[in-house]
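Shown next as structure tokens: one chain only, the form predicted on its own.
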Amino acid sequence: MEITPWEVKGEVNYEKLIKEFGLKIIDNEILKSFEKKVKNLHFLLKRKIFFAHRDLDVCLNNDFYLYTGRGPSGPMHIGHIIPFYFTKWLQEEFKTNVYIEITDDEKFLVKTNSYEEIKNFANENILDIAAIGFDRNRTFIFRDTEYIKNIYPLALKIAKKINFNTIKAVFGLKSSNNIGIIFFPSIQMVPCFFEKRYCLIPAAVDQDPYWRLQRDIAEKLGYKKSCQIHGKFLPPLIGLKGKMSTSLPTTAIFLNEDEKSIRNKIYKHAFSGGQPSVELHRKLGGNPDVDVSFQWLYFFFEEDDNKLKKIEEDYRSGKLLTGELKDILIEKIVKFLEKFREERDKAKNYVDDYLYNGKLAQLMWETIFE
């Protein structure tokens, strides 16, 4: 297992990551704290898809804002979008601000794409995020390369507190890495300092190194340590190991895919927990624990716990065949993406509300330069 913010290799062992990163499990006590604050507990919490945290209990007992982001390395797939829906839920429940950083600078530094390609990916990704429907009065989306003049002074203060040996060790950098990526963590940490109250970061667990560093220096700069809530990776179609990759299209379903492509990918590539023949499957049943179609339903595409339980029971008993399980998933994904694309078309009319949110931009400016 090798996990950095830029690459995930091998089978992801979440229990091992909790120990290595020094995280805490989201246990029943934390869930009870959540339940006291929200109308209904999100199924991503109940199912432990968001599974680990740092100081989440502190945020729940204090005022906080939200920060997350997207590295525009290509078209967004379903795995990319899930944390944003969870972040939107948090915003709705806690009526708070959300800052979404588009790290186009980072992706230009670590990928082979041209700057123009990254810029185009960023524009498309921003529209995808806008389609989710964040509160336009409480959300600010910004590109690093466009907004750098405003965040650079604070990035400098952050950079001065962190030495090269620390960056090298935390991110596993080598002498062959370009010098831009050495400085970049200072930029990604900046939104943790946009407001004087606590910052809660919902993100996949591979982004954790940034926040460990932020917590080391936050109080030295007169700010609060960031809090995190970490999510698991939606499994790739080809099996439960690792994560989806934009560079490996057979592992993922992209937000712009049509029904024919979705159906073909799931039938051809989705790893099955079924038996070799219908007769054996009817007799022995399937294994939903390793079946990607079921795991995708569990992760995101079937919110109803009772319906999910029935699907699981029918698959284990052999009543539900692998092809039928795949059909259920295909129908769910197609409906989800149809609705998503409708919202995306609407978002073209108001995406600028997110990009030019003067209220939040002013709040950031006042905090940075107070």
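The model shown is predicted, which means the values in this text are computed figures rather than measured ones. Sequential numbering from 1, following the sequence displayed.
Just so it is clear, the following notes concern the form predicted together with a small molecule, a form of the same protein that is not shown.
- This chain appears without its partner; in the model of the complex, the one residue of Gln275, Thr103, Ser186, Gln295 with a heavy atom within 4.5 Å of the small molecule is Thr103.
- Think of it this way: in the model of the complex, the small molecule has a heavy atom of just one of Lys265, Arg143, Lys243, Lys225 within 4.5 Å, and the residue is Lys243.
- Between 205-213, 255-263, 171-179, 280-288, the stretch whose residues reach within 4.5 angstroms of the small molecule in the model of the complex through a non-hydrogen atom is 205-213.
- Proximity of Thr322 to the small molecule in the model of the complex: non-hydrogen atoms within 4.5 Å are absent; the residue sits far from the partner.
- The small molecule in the model of the complex is not approached by Tyr315, whose heavy atoms all lie more than 4.5 angstroms from it.
- In the model of the complex, the small molecule lies within 4.5 Å of some heavy atom of Arg70.
- Heavy atoms of Phe233 reach within 4.5 Å of the small molecule in the model of the complex, making it an interface residue.
- Highlighted residues Pro83, Lys107 and Ile201: every one comes within 4.5 Å of the small molecule in the model of the complex, counting any heavy atom.
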